[in-house]
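Given next, in structure tokens, is a single chain: the form predicted alone.
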Amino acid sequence: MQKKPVRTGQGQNNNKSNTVRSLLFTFLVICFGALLIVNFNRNEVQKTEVPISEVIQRANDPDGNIAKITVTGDTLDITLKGQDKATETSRKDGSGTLYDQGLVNHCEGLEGSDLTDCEGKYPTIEYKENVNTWGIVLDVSLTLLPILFIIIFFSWMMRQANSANSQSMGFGKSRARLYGPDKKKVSFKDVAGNEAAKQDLTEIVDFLKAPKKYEKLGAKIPRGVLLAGEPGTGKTLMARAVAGEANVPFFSISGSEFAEMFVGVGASRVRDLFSKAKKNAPSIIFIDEIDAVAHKRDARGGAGREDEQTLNQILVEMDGFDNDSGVIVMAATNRVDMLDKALLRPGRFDRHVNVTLPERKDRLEILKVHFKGKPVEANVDLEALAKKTAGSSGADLANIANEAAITAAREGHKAISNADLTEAFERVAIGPERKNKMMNDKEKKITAYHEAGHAVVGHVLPDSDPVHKVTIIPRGQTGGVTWFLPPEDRSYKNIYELKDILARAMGGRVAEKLIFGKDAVTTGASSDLSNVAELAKSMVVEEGMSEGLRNLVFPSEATGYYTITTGKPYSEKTAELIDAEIKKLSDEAAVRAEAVLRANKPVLDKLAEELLKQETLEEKELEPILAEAKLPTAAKLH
């Protein structure tokens, strides 16, 4: 692969020429100002013109007021007694010398006291040659400088026009970044977890390394690979690993970088990008967040839209007449449902690779990668952290590792401890402790019973996850937190598990009502109620888990399917049924939570008291308190 030229010399020359032009311009401005000042000073004394006859008469008068006469050609400059500069002027009249006309230098040839006495009576007369070099230079300069300034001004205007023209010409150029052999390589060893995705991409690498092995059997290299997954799962890192393993040029660009205010620029950039990739073939083009330019055309409308022109050009480049370009297009998105169908068909993105959230063993490997090189204590338990972080992406785990190092440094630790890991996990998951938030005794008691209600209900219900930790220390936007951690990673949840989640979420509000009265409930449960509504709606609309609408699911609003009357993916009558089913699920959750708390009120009181004393209770401290809680018949589902 050809290395990109580094144009450091050209940049230095441009900087030098710009500096020289700036200095020259500054020098000319200073000179012009100086000339104006000199010219002003030269002409600032207004001289009175006197007839030559009067000058001669006063010069020959011993009581006259003339001290000095300077003769330059036909011009006489007269300096009066008591003056430093000439204040009068005169011109020789007619032909002949001034001596012939009667102007006699009475002081000529005198010295000493005689000269002094003479100068006191008669003026001294000096003769100068009629050559004013400075005046000539000044006059020429004042004539040429305006012309020079006009030339400089028009030159500057032309440079600005050329710069604007070159900038507009650059709009159509691709802004892709090239990662070649001179860049730091990323291999599959640097990508922890996601073994299934790496297996799918290994074939792409093998094809780029040894294409003839596949061509002999009539196989064609995939034109495109679409990496789909949640944000932060490592899609971009996977693409770079493919390029690093195959040792081919890697052009990276974001979907939003194709967009521009000028029509046709996006399509031009696509053509330029593919042209560069073909010149460096075999190569890889990686388009991150491709959904920015690949929306469904039937949903967006407008055949002349800039983004549609860009998408059409991508479609042509990926599956046009030139099918042997040796360029593989990789793209990443977390919104596959928003992509145009023409982009997903075989011949364009032939292979779809799902980059999923890491499982527990994968999270452990990812944590080991991010803690590599960081000083950690010998008893640090990364496996326990991997267990806590179910549902976290690789980016989340990297953030936790970084926060743990920051916490250790802030606390003055020489190495990262388990306490630092716990603080980092909770800071990333919920937010930092708000130690400056002061709660009075009543608020603390309400918070303690609220969190205790969550914990008791969650512990008693058979399909709920175990209670991991309870705290009444404010974190993020919450007044307290109750953690439930699953014993193992699960891909699916059944209806019983989801209903137990709804019930334990209602446990905080129900506990407040049970202890302080139904009219004394607070706004502390607003987040819980929002989560209940969201989960209940998902169960009804997306999972078909309601009794009235069992086995029916509805398309999401993002798919573009709407009814004419409601503007939603279902009719008005169905919307009423959905609202009724959501209310039914939330009411059932509240009834079950109340049944559990009424049957276990002593446990609720005991747990709240302990929280008021210690503020935070870990799993081992919770076990003896919650061991006495029992499941009442009224709260059973099966």
Ligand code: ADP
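Note that residue numbering begins at 1 and tracks the sequence as displayed. As the structure is a computational prediction, the values presented were derived from the model and not from experiment.
Not on display, but discussed next: the form predicted in complex with ligand ADP.
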At 4.5 angstroms, heavy atoms only, are Val205, Val225 and Ser283 all close to ligand ADP in the model of the complex? no
Give me the residue from Asp272, Asp190, Glu411, Asp93 that has a heavy atom within 4.5 Å of ligand ADP in the model of the complex. Asp190
Pick from Val467, Ile366, Ile328, Ile400: which has a non-hydrogen atom within 4.5 Å of ligand ADP in the model of the complex? Ile366
If we define contact as a non-hydrogen atom of the residue within 4.5 angstroms of the partner, is Gly232 a contact of ligand ADP in the model of the complex? yes
So, Ala395 and ligand ADP: in the model of the complex, are they within 4.5 Å at any heavy atom pair? yes
Is the gap between Ser417 and ligand ADP in the model of the complex 4.5 Å or less for some heavy atom pair? no
Determine whether any heavy atom of Thr389 comes within 4.5 Å of a heavy atom of ligand ADP in the model of the complex, and answer yes or no. no
Answer range among 509-517, 234-242, 115-123, 272-280 for contact with ligand ADP, defined in the model of the complex as heavy atoms within 4.5 Å: 234-242
